[in-house]
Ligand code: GUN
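Okay, here we've got a single chain as C-alpha cells, the form predicted alone, with questions on binding and movement later.
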C-alpha cells in the first residue's frame, strides 16, 4: 500500500544560484510515496488526498518535511575525537586525531562505533554521507554493514596512508598490496547494494607514496562506478608542505592531476585557498568540492570562496568534517556557511542554504537522479522537523511574515533535537512510529 505523509513541504526545484524561483514551500502539503519508497506525487493535501483514498496516512501536522540532508565529508574513525585541542590542521592531526584513529584496530570497538556513527547521522536528518573510513578493514566492513542495516546511503572507503612521517603511528600505514585486496572486497560488496558506494580515499597528497597514488588511479580506472575523495587547499601550511614535497607541481591540484585522480567522480574537500587556475581545471574536469563550514572555523583554516566556485559552475556539497567539525548535523553547519559568506560580502538566503544541503549536494555527488528533492520517481528521502518541540522557536516562527522567513529562521535556530523522524526510500530509519 502507498503512503501519504502530511506536513509543510520545503525543497528546491532547481539551482537558486541560477533560478530565483527555485525554492518551493507547500503549506498543508502531502508527499505520496509508493510501497517501494519512490515518490509518486506531492502538492497540496487538497489535491493529493482525493487521488489516494486507500493510502496509509502519516500526519505530521504543522511539522516540516524536508529532503534528506547530504554530508559530503566526514571521518568515521574520528567519531570520538570531536572538540579536540591541537592548534591548526597539521599539528591537530598529529596531536589529537591520528592517535584516536588507532583505537579502531580493535574489532569490537570499531563495530560499536560504526553503529553509533550511522545512528547519529540519521538522527540529524542526514540520509546520504560521503565518509572517510578507517585504516582497518574490519572497521570499514562494520561501517558498510551498519549502513546497510539502517538504510543510510553511504559512500565510503579506507583512508589511505603509506608514507611514514613524524607523529604518524605505524599502525595507520597500509601497504598498497593490502589496500588493493581490501578495496576490491568492499567494491564487490557494493555492487549488489544500491545504497552503498565505494570511494577510493587517499588521505591527502603527503600521506601517499607514488605507488599508492598509482594504485588509486588504477582502481578508479578499473571500477568506474567508484568515487575518489581527498583533501586539498585546506590550510596554508599544508599547501606549503605539499608544494615543497611535489616541487615539480605549480599548485596543489597538480599533485593529484599527475596521477589521473581529478575526474568527474572526484570530490575534493575544503579548497579554501585555490588559485584561479585550479578552479578552472576543477570545473573543466567536472570535479566537485566539499565545503566544511564549522570545521574551517574550528581549525582557523580560512573562509571558503563560494562565489568563485559558483562562478565556475563547480558542484558544491557541504560536509560536517567530524572530527574538526563539532556537530554531526549538516543543518547546524548551514548557519556557519551563512556567516562565512557574510564575512565576504555575500548574503545567502534560505533557498541557497537549503540547496547546498540537499539538491546541490546530490548534484555534486552525481546522485540527483535518486535523491535531493521531492521530484516524482526519486527516492523518498526526507526528515521531519517539528518546531513545536522548542517553545522559543515555535513562538519565533509565529512572528515571521511568510514561510520563506520561517525556513530561514529554522536554518539558524533549529537543531537535531527538533527532528522527529528520518526516512530513506520511504522507510523510517530514525524516530518512532
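All of these numbers come straight from a predicted model, not from anything done at the bench. Numbering follows the first chain given and starts at 1.
Just so you know, the form predicted in complex with guanine (GUN) exists too; it's not on screen, but the next bit is about it.
Can you check whether residue 78 is within 4.5 Å of guanine (GUN) in the predicted bound form, heavy atom basis? Residue 78: yes, in contact with guanine (GUN) in the predicted bound form.
So in the predicted bound form, is guanine (GUN) close enough to residue 270 to count as touching (4.5 Å, heavy atoms)? Because a heavy atom of residue 270 falls inside 4.5 Å of guanine (GUN) in the predicted bound form, the answer is yes.
With heavy atoms only and a cut-off of 4.5 Å, decide whether residue 203 touches guanine (GUN) in the predicted bound form. Flag for residue 203 set to yes.
Can any non-hydrogen atom of residue 353 be found within 4.5 angstroms of guanine (GUN) in the predicted bound form? Close contact is absent here: in the predicted bound form, residue 353 is far from guanine (GUN), nothing within 4.5 Å, heavy atoms only.
Decide if the three candidate residues 89, 231 and 299 all line guanine (GUN) in the predicted bound form, where lining means a heavy atom within 4.5 Å. Answer is yes for this spot.
Tell me which of 231-239, 145-153, 187-195, 334-342 has residues with heavy atoms within 4.5 angstroms of guanine (GUN) in the predicted bound form? Among the candidates, contact is made by 231-239.
Please pick, from 324, 357, 121, 131, the one residue with any non-hydrogen atom lying within 4.5 angstroms of guanine (GUN) in the predicted bound form. The residue in contact is 324.
Of 93, 282, 306, 139, the one that lies within 4.5 Å of guanine (GUN) in the predicted bound form (heavy atoms): When guanine (GUN) is considered in the predicted bound form, the option within 4.5 Å is 93.
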